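First, one chain by itself in structure tokens, the form predicted alone.
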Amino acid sequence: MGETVDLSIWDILFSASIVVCLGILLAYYRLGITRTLFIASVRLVVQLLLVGYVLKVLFAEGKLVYVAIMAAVMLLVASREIMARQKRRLKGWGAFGLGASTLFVSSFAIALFGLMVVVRPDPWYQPQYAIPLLGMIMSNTMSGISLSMDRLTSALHDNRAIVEQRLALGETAREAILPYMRDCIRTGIMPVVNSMGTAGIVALPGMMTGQILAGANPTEAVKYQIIIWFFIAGGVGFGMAVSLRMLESRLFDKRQRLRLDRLR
């Protein structure tokens, strides 16, 4: 395998010219997102550079406490993103707590299973394995949870009369919103299913590409990518199921009444 090609700051600037051209195109069509694209690009560079330095220290030290701190920061940021992406979110810190608890149960449980049962690095919390594995599972789970929760709250808001009518006819809260929950789970899981179905044909997945660029054996990189996608699918699926169940319990009281007043 060949050595990894080192990139300079000029290489990054040259690649940024593509985004500049895109910004000009978006401004021409007056879409109103040129500024958002610019801010996102700056955040991307700053955040990844900072993470690069943090991971360099983390990999060198390899201590469990540092891995735990990094995982906690990832959990807090992901939970905040779930709350921020909701058009109609729970009042107070309910959305944040719901997102954090769901991510903790789904992403952390599957990541621990992967580290301690499947991959089995020595030690099991080795940062080179623990952080990327948890990050990939958590990021995809975060997207699935936020998308499904937003879809459910919007559906209940738009179909409030139908839901309340079904409740008045004697249906339970679960029976009344089950069609909407099914649609939410289908919407959240389909991007993962589509990515799994086209992996290796339409696109090379991220982790596999990174390992190949780093000089790893392609067949070994494939094995890692397969188990990663299985973990991601489990994290997204179980995470959405738990989050929607918790959201249901918040939006209905003990008398089976729909409480949309608990949303912003």
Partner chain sequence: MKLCIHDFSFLDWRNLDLELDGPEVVCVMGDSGSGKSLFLRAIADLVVSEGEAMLGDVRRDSVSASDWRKRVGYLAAEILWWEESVGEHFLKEPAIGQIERLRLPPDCMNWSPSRLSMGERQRLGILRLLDRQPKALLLDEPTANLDAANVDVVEKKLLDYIRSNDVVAIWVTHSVDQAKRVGDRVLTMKDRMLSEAGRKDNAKWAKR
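Just so you know, these numbers come straight off a predicted model, no measurement behind them. Positions refer to the first chain, counted from 1.
Quick note: we don't show the form predicted in complex with its partner chain, though the next part is all about it.
Asker: Counting any heavy atom within 4.5 Å as contact, can you tell me which stretch out of 161 to 169, 140 to 148, 84 to 92, 117 to 125 lines its partner chain in the predicted complex?
Answerer: Among the listed stretches, the partner-contacting one is 161 to 169.
Asker: In the predicted complex, does S15 come within 4.5 Å of its partner chain, counting heavy atoms only?
Answerer: No, S15 is distant from the partner.
Asker: Would you check, heavy atoms only and a 4.5 Å threshold, whether D253 touches its partner chain in the predicted complex?
Answerer: Result yes; D253 sits at the interface with its partner chain in the predicted complex.
Asker: Within a 4.5 Å heavy atom cut-off, is R264 in contact with its partner chain in the predicted complex?
Answerer: Judged by the heavy-atom cut-off of 4.5 Å, R264 is well away from its partner chain in the predicted complex.
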